[in-house]
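Just one chain is shown here, as structure tokens, and it is the form predicted on its own.
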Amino acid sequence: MTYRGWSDTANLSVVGLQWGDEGKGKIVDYLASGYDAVARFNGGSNAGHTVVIGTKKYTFHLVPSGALKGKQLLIGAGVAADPEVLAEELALLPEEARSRLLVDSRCTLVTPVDKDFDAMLEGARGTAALGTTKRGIGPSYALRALRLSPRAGDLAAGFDFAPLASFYKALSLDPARLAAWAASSHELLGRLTGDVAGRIESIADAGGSVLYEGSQGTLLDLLHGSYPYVTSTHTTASYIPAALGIPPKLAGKALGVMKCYATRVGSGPFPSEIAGESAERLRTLGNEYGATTGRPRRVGWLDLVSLKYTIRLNGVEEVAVTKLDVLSRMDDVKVCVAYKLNGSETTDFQSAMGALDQAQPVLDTPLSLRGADFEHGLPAEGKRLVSYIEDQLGVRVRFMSHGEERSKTIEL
């Protein structure tokens, strides 16, 4: 038996350190040239990654962001894949890009009734609604745990929908509708499914490398985020081996992505949130509207308390900071350095999570970026901000992004 050992793998994972929408898609697209494949490991079509090349904008919900770099594209078993959304995205790509996609046969599928159930469940919550996208992601993951949800590879042999139909009888499930969905999904997935874990191991055996693309943000992790206002899966770098079915040594290092301010979509606590004129200006300058839903995002100042927590959780040593161009047009920029809770201050996010909705931000005014020009490298204002972030968070700033377009990235 030949021993296979992957020492000091060059693989890298890109994860969000906030509430999502940090700019991971752009960073993945920027980095993809240096890797043989890009693998999506979590989430579903309830979030979008935007890539801007020149004047053209692409929004990917399931297809990895490396689609435009000629790389192998892998959708792992940890993803909840909606075949209808996948078909729409693939139709926008050239045949050459479509031919490079492999969907893991163990991938959970989102059915039309999952979406119906999602909408019904969100409506039943009333004033306690979570603000989900109603894309069926939560129900699909829940039914996977109940062993009722079809996987991508199950359609070829003919999946028995009877138990699922029984579960969904309250929704007056139409068997013909589900049968039509299964047929069209199999037609799409039949030529795309395979063993993503095996492909990643083959790349490693050949001395290649893989870039892992995460969806959502760490503060929305099902176990470690601000439950119950979280997403339906795990969003941390430690989930990569389980989600893709690979050994931990192939997970590589983690690069954290953070905006130089904070945003959140949907309900839930948001200690550094702001309102009024400053919020409207920040939202407008940053174009803070959901890539999937178009909903305006809630906005707030950079939260160092939560970032220290997510950096520790992911084992991050380097970060990419995005949206610097937005702060260069803002006055009175602030940073949350602690929470005031029950009459005292804390910088421990974990201990504050039980009462996060009551936490008040303790704000500091860092060095201003007002008027900073990033078009010809990192200006003095940017260098001072890098030092501030590195001193506060104990990580190295590796990339600075100052616009949506791919070229507006500075590598330090």
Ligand code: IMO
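When you see a residue number, it is the position in the sequence shown, counting from 1. As the structure is a computational prediction, the values presented were derived from the model and not from experiment.
The same protein also exists as the form predicted together with the ligand; that form is not shown, yet it is the one meant from here on.
Peer 1: Is Val230 near the ligand? Define near as a heavy atom within 4.5 Å, in the model of the complex.
Peer 2: Yes, Val230 sits close enough to the ligand in the model of the complex that at least one of its heavy atoms falls within 4.5 Å.
Peer 1: Please run the contact check for Ala47 against the ligand in the model of the complex: heavy atoms, 4.5 angstroms, yes or no?
Peer 2: Yes, Ala47 lies within 4.5 Å of the ligand in the model of the complex.
Peer 1: Are any of the heavy atoms in Gly131 no more than 4.5 Å from a heavy atom of the ligand in the model of the complex?
Peer 2: Yes, Gly131 is a contact residue.
Peer 1: Lys340 near the ligand in the model of the complex, any heavy atom under 4.5 Å?
Peer 2: No - in the model of the complex, heavy atoms of Lys340 and the ligand never come within 4.5 Å of each other.
Peer 1: The ligand isn't shown here, but in the model of the complex, which of 258-266, 238-246, 203-211, 100-108 has heavy atoms within 4.5 Å of it?
Peer 2: Among the listed stretches, the partner-contacting one is 258-266.
Peer 1: Please pick, from Ser272, Ser140, Thr310, Gln216, the one residue with any non-hydrogen atom lying within 4.5 angstroms of the ligand in the model of the complex.
Peer 2: Exactly one listed residue reaches within 4.5 Å, namely Gln216.
Peer 1: Ok, Arg125, Arg295, Arg144, Arg177: which has a heavy atom sitting within 4.5 Å of the ligand in the model of the complex?
Peer 2: It is Arg295.
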